[in-house]
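Heads up, the chain below is alone and in the form predicted on its own; it's given as structure tokens.
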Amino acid sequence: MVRFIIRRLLEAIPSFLGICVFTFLLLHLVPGGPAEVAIGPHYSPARVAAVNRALGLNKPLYTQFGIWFWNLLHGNLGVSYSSNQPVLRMIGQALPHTLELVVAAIIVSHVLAIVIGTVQGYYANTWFDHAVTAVSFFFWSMPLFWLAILVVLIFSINLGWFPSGGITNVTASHSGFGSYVAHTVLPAGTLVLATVASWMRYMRSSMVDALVQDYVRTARSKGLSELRVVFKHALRNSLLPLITLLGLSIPSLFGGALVIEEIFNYPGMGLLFWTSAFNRDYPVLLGITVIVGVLTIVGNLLADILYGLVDPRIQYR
């Protein structure tokens, strides 16, 4: 197992380098720049040249990349152009909120997908299966920003059950854990509604395939209860595709968090990325992309390890 992990980490190095190079090039090829944003209406070529010279943006791209990458290898993500704060500190403040949002969505989505998908697979092609499929397709096909707006309109404005945004109650002298949970329910729930449908479909399909396998028929012929056959024999093998999707879904979850955090004014990595994109704050954008890339690589590695734990036939060498 240790050799496998080391080999996978070594294989991830080219992916990491590719993320750094392409992100750096794409950001610098986009029209406009931090100088234009910083100067504002008093724009002039001389002022832009002066700001670019102060920020080091007048140097060739390969020189800029070499300086940035060398600092990255030493744990320095640079300083924000707009706030003049260390990028690592800004990400350190925002990353825990996004991780809480994404991890909560992953846990709830997978639990719902496993339970509902298993029942769907067992009662395939029945009225229950068709009804759940229709509801899941409804949420799956809805744009994330529109779904988030509907959630705010229904559960915050009309019903008044949850706050519409933020992470704490600004009018209270101190906000406890209950207030924090209340502010997290709607953004996390929106992310769950947007992701659970696809995982549920994979779980249903995998369960349908597992229930017709020989080992399931053998278990039934031994006189085992139907509950034991489904949850002990069929369910374990049905989880394999879901574990694979766990690692592959991390980038999309962070991408969804970007939209959700902007709509709910949730102070996480998504909102920070959104603000930095408008300000052309290259160091912050690069830092967030690198962190998300590393988390994606780690997530795929964890998915591979879980795959081996669930399926004893897989041996890592």
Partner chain sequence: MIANPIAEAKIEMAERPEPSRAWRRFWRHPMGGIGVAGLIFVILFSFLGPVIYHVSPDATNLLDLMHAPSLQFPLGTDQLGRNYLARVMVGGQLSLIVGFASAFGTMILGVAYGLISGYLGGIVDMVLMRIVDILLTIPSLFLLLLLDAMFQPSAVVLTFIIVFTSWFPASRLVRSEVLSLKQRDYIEASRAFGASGWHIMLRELLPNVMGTVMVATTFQVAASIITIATLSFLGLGLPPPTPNWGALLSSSMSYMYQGAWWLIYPPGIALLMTMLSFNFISEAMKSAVDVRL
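Numbering follows the first chain given and starts at 1. Please read all numbers here as calculations on a predicted model, not as lab measurements.
Absent from the display: the form predicted together with the partner chain. The rest refers to it.
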Would Tyr122, Val216 and Ile305 all count as contacting the partner chain in the model of the complex, using a 4.5 Å heavy atom cut-off? no
Position in contact with the partner chain when the complex is considered in the model of the complex, options Phe128, Phe231, Phe138, Trp161, heavy atoms within 4.5 Å: Phe138
Taking 4.5 angstroms as the heavy atom distance cut-off, pick the stretch from 111-119, 200-208, 78-86, 216-224 that is near the partner chain in the model of the complex. 200-208
Counting only non-hydrogen atoms and a 4.5 angstroms cut-off, does Val292 reach the partner chain in the model of the complex? yes
Does the partner chain come within 4.5 Å of any heavy atom of Tyr266 in the model of the complex? no
Do Leu61 and the partner chain share at least one heavy atom pair within 4.5 Å in the model of the complex? no
Looking in the model of the complex, any heavy atom of Leu27 within 4.5 Å of the partner chain? yes
Partner contacts in the model of the complex for 254-287 (non-hydrogen atom within 4.5 angstroms of the partner chain): Phe254, Gly255, Leu258, Val259, Glu262, Ile263, Phe273, Trp274, Ala277, Phe278, Arg280, Leu285
